[in-house]
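Before any questions on how it binds or moves, here is one chain, the form predicted alone, in structure tokens.
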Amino acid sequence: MALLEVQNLSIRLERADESVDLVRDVSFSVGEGEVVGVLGESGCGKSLTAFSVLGLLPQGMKISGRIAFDGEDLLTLDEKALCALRGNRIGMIFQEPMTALNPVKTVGDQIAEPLRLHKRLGRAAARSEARRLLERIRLPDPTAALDAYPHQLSGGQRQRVVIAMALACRPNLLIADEPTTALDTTVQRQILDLLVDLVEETDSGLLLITHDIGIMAETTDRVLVMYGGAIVEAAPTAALVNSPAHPYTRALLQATPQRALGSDARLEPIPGTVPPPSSHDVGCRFRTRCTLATAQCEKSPPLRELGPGRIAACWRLEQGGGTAP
């Protein structure tokens, strides 16, 4: 059963002098007990897509489409109804803990807050549960950490506190935006295992945003590849890693330290950078960096079905080793 269904999501930044498309016609779903990865470089629209689910887009951004959580369209809810979902049935792990945490509140109070608000726990019970959560995410000396302020913790410890806050109410849907960026490799593995265990224990869904293909390959069931604010490929994880169809997906794999994927192939960086949204026009947005680009790429390619659960948007899927129908 689909827990989250996003249909034709588009996000536009409205300014006095211009309108800029930031996310364009994005559709996907996250099922119960499923881990779905969103992969792409910085600036491809991954985080904006996640923020739109929780109604956390900055002012000036116009959103269209449909975002259904457990059958209810979130875009029709008012702020009070969204607040009842945030931190309760939908949890969010933010990428930057220093902006996600309140600098004048203790760690214990911040973890206890959603428990007191949504689960109606008393002060003592919420504090006890906050300590248990800190133990579960393997924060050293959890008792002392309860009374610490964010600035007294290391970056990795703060990130684990943000994760504990997101897990506090055992959400049905967890959105994790680069959740292990500030953590060392050993702790990364522990945290990812914890998130996957939560999905299995509660039959919840996890939307995992990352630019780390190694994490994606080891953790997710399906992957959405985004570029220029749009999905360019979607596939089951094993199929995407073993036979990527879109040139951008292949370029990402070739630019990744291959030991994460069990290969000794040569590392090949992607030339150029992700273009700013203001430069987006008609045509394939990856064409300025693509070695297969032709004049046909001046027109926008449609998403094509390549097989069960597989789609990609490219005029030249038959070239370069991609999978074609």
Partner chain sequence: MKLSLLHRSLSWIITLWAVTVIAFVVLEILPGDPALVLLGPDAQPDTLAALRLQLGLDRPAYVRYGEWILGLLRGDLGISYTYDISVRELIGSRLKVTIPLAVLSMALATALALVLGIYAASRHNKLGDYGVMALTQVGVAIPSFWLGMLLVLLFSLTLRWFSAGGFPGWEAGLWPGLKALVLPVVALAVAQAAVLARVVRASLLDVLGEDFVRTARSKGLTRGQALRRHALRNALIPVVTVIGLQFAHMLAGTIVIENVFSLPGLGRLIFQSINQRDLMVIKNVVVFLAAIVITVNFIVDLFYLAIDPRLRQAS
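Positions refer to the first chain, counted from 1. These numbers come from a predicted model, not from an experiment.
What follows is about the form predicted in complex with its partner chain, which we do not show.
Of the residues given (H151, R123, R170, R132), H151 alone sits with a heavy atom within 4.5 Å of its partner chain in the predicted complex.
Proximity to its partner chain in the predicted complex, taken as a non-hydrogen atom within 4.5 angstroms, holds for one residue of C297, L54, I63, V274, which is L54.
With a 4.5 Å cutoff on heavy atoms, R189 does not count as touching its partner chain in the predicted complex; it lies far away. Using a 4.5 angstroms limit between non-hydrogen atoms, T249 is distant from its partner chain in the predicted complex.
In the predicted complex, at least one heavy atom of G87 sits within 4.5 Å of its partner chain. In the predicted complex, its partner chain sits within 4.5 Å of a heavy atom of C83.
Partner contact region in the predicted complex: 115-123, out of 115-123, 206-214, 236-244, 219-227, criterion any non-hydrogen atom within 4.5 Å of its partner chain. Annotation for 99-122: interface residues with its partner chain in the predicted complex are T99, A100, L101, N102, P103, V104, K105, Q110, E113, P114, L117, H118 [heavy atom within 4.5 Å].
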